[in-house]
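Next up: a single chain in structure tokens, the form predicted alone.
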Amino acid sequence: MEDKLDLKNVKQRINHIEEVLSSVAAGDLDVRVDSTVEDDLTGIEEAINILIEDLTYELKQSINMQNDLQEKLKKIQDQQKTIVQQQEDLMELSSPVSKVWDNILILPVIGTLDSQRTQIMMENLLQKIVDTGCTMAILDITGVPTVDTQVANHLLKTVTSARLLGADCIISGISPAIAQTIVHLGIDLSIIRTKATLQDAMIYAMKQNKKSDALITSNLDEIEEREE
């Protein structure tokens, strides 16, 4: 038989229940309703304790799910960073600058050019000019299907920047389609020295080298004669 309600301590037990519920509302899920008497109020106290336990379980599940989502998000972000880095590395590898002859650099470009790749290409070329001291650079775009206004402007900037570093820049391999596009866009490439093929560009660059060497030799001889 369940004990009858002891009216003397009912108020105290109700106050205790209110205190427990207030603590739960504040985020403390470790509290429980202490029940030492079995009566009509005991069922309510037990129900409150069961509710608190359910809330505690749901909260733990929610926290675990949130942690899992954060870990997955971090992995995705790390993967995105890796992909971006690989794309940047690939762009740099796809724009190699090589010294193919004394004082001559060549940058063969294959595939579609966009502003980002053209920017990397320009930076690589200018850095190579500084590192090697070469005064002739050939950009061969035989393998480029088309260019747009931004890419053409980048090419202009590349040639201008190379000249500021003391290097003459030649663009070879402009296809008829690219030539028509450049004319249609109204882009002025008259300041850029162009050659139909890479071979033509190489021949021109080597001739310029010989002229430069001959001029240097002549100037040195003249200086020596004056000193004598």
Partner chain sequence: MQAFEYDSDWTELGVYPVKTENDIVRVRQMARQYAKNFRMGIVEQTRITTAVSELLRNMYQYANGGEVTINQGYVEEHNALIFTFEDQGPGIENLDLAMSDGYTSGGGMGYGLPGAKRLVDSFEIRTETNTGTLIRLMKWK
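Positions refer to the first chain, counted from 1. What you see is a predicted model, and the numbers here were worked out from it, not measured in a lab.
If you look for the form predicted together with its partner chain, you will not find it shown, but the lines that follow are about it.
Candidate from Q127, S98, Q116, Q79 lying within 4.5 Å of its partner chain in the model of the complex - any heavy atom: Spelling it out, the residue with a heavy atom inside the cut-off is Q116.
Identify which of M122, V147, M136, V109 has a heavy atom within 4.5 Å of its partner chain in the model of the complex; exactly one of them does. Spelling it out, the residue with a heavy atom inside the cut-off is V147.
Answer yes if any heavy atom of S35 is within 4.5 Å of a heavy atom of its partner chain in the model of the complex; otherwise answer no. Answer no; every heavy atom of S35 is more than 4.5 Å from its partner chain in the model of the complex.
Would T181 show up as a contact with its partner chain in the model of the complex if we use heavy atoms at 4.5 Å? Looking in the model of the complex, residue contacts with its partner chain include T181, since a heavy atom lies within 4.5 Å.
Give a yes or no for L185: in the model of the complex, does one of its heavy atoms lie within 4.5 Å of a heavy atom belonging to its partner chain? Yes.
Can N153 be called a contact residue for its partner chain in the model of the complex at 4.5 Å between heavy atoms? Close contact exists here: in the model of the complex, N153 approaches its partner chain to within 4.5 Å, heavy atoms only.
Counting only non-hydrogen atoms, choose the one of 156-164, 38-46, 56-64, 24-32 that falls within 4.5 Å of its partner chain in the model of the complex. Every other range fails; the passing one is 156-164.
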